[in-house]
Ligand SMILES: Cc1cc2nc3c(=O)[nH]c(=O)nc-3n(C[C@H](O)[C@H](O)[C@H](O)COP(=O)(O)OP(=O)(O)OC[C@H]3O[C@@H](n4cnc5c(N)ncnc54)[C@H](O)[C@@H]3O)c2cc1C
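Single chain ahead, written as structure tokens, the form predicted on its own.
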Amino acid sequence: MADRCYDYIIVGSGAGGGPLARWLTAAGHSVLMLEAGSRFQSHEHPDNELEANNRLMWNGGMDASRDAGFMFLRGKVFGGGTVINQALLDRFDARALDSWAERSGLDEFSVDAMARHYDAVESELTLEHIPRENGNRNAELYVDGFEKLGYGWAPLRRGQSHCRVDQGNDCIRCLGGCPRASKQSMPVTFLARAEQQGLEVVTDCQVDGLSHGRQQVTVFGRQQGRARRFFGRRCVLAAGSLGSTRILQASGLAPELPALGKGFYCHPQFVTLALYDRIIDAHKGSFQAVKSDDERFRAAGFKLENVFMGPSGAAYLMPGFGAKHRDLMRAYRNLACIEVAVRDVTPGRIGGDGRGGLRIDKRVGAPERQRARAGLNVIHDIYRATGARKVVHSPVRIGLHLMGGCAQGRDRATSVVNPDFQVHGLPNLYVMDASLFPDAPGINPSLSIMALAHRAAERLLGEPLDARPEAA
């Protein structure tokens, strides 16, 4: 590996880097993947929340905005966020893609144009709608409230191959890595195939910057405290919204890219719990099984999801101190939970902190507060309709699905990456992750990141992947 020049270096192993590596290696290219996190086999994933947060997330899951108003979660592990997410895989609708087309000037952002990219990705995954009978009591309360109030709901579509409730009530462990290799994370799917095709992987290697040359890109990193250099004819940043933006900034490219770090979005999550007089055990079974499916909610800019968390996560999210907090935690088995996920429209900004780290300026604007209030009003109605004794609002604001910072578009003044996924003015440097998003879609982005990776692979290879049987 020393001084070897690869056809491609991919920085990051999540929903963008994994599929891209699979299709580039299938086409016969030499590909090196660099990942800041460690690699785990399925049976090695931590079996408790605190250890999982510490070992599988950046900064223990405590990336904060500059004013500490947001806590952002992002994966730091081989497989990226796909290892720690719920593998909820939905396509974007016309409302999301039309907004992207308008902001970016790219006709490729449409339901029809994206369809074949979604098809290609879905053909490589095992997808299942969670049947109603597999939902736990938290999901039952959710559905009961929706039906009593006349709201639309639907089962979640999840990437999983052999999850069965009767095999054990440990579904909540999935947030710290699936112990059964059932969840369709990158190490189980695209990366496994890419390695069979010759992908080389270096883990525990944090990239500090890069140098773009006429013939190659030099990537500078640190692996367990030791400085490393890697050479590639082309380099693709797939380190996520915060990671890819940080690398470009640390490489001294901000003066050449006026839009770098701008347009940072997330999906703010507002968690609301309810106390019942009966056992709910929302931490057992398929704890996240249903979603809101109501155009009124979509038009209002929010969605509702039944969710839950382990005891440590609940203790962190619960309000109050001392005896008040203790009493709520004692009632853990009697708690239900619904969260409002808001479609973010107030952009933030990602910058450097002067010490090689990040400074994230992100606040909830008036539109997000209004959308959250509308969702919380519905949740209160659901809890009343299902007999809740007490409603508890978490004071913690979590930012999931980090997006933007390296927006894709035609205009260099308002975007960082061109329609061919190249960084403006740097023909050997590409970006392929959620940092490309020009705004927040209000839908889980994981599947769409993979679909964009399929489109990016076609641009890099210069031919439709559908014509290559070995890559299908």
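Just count from 1 along the sequence shown to find any residue number. The shown structure was predicted, so the numbers you read here are calculated from the model rather than taken from an experiment.
Below, we refer to the form predicted together with the named molecule, which is not included among the displayed structures.
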query	finding
Answer range among 234-242, 322-330, 140-148, 248-256 for contact with the named molecule, defined in the predicted complex as heavy atoms within 4.5 Å	234-242
Heavy atom within 4.5 Å of the named molecule in the predicted complex - the one residue of V416, V431, A440, A434 that qualifies	A434
The unique member of L88, C163, A181, V364 whose heavy atoms fall within 4.5 Å of the named molecule in the predicted complex	L88
The named molecule in the predicted complex reached by all of S104, P268 and A407, non-hydrogen atom within 4.5 Å	no
4.5 angstroms heavy atom contact with the named molecule in the predicted complex for G263	no
G75 within 4.5 Å of the named molecule in the predicted complex, heavy atoms	yes
Interface membership of Q422, the named molecule in the predicted complex, 4.5 Å heavy atom rule	no
Residue contact check: H401 to the named molecule in the predicted complex, 4.5 Å heavy atom	yes
Residues from 51-67 in contact with the named molecule (non-hydrogen atom within 4.5 Å) in the predicted complex	W58
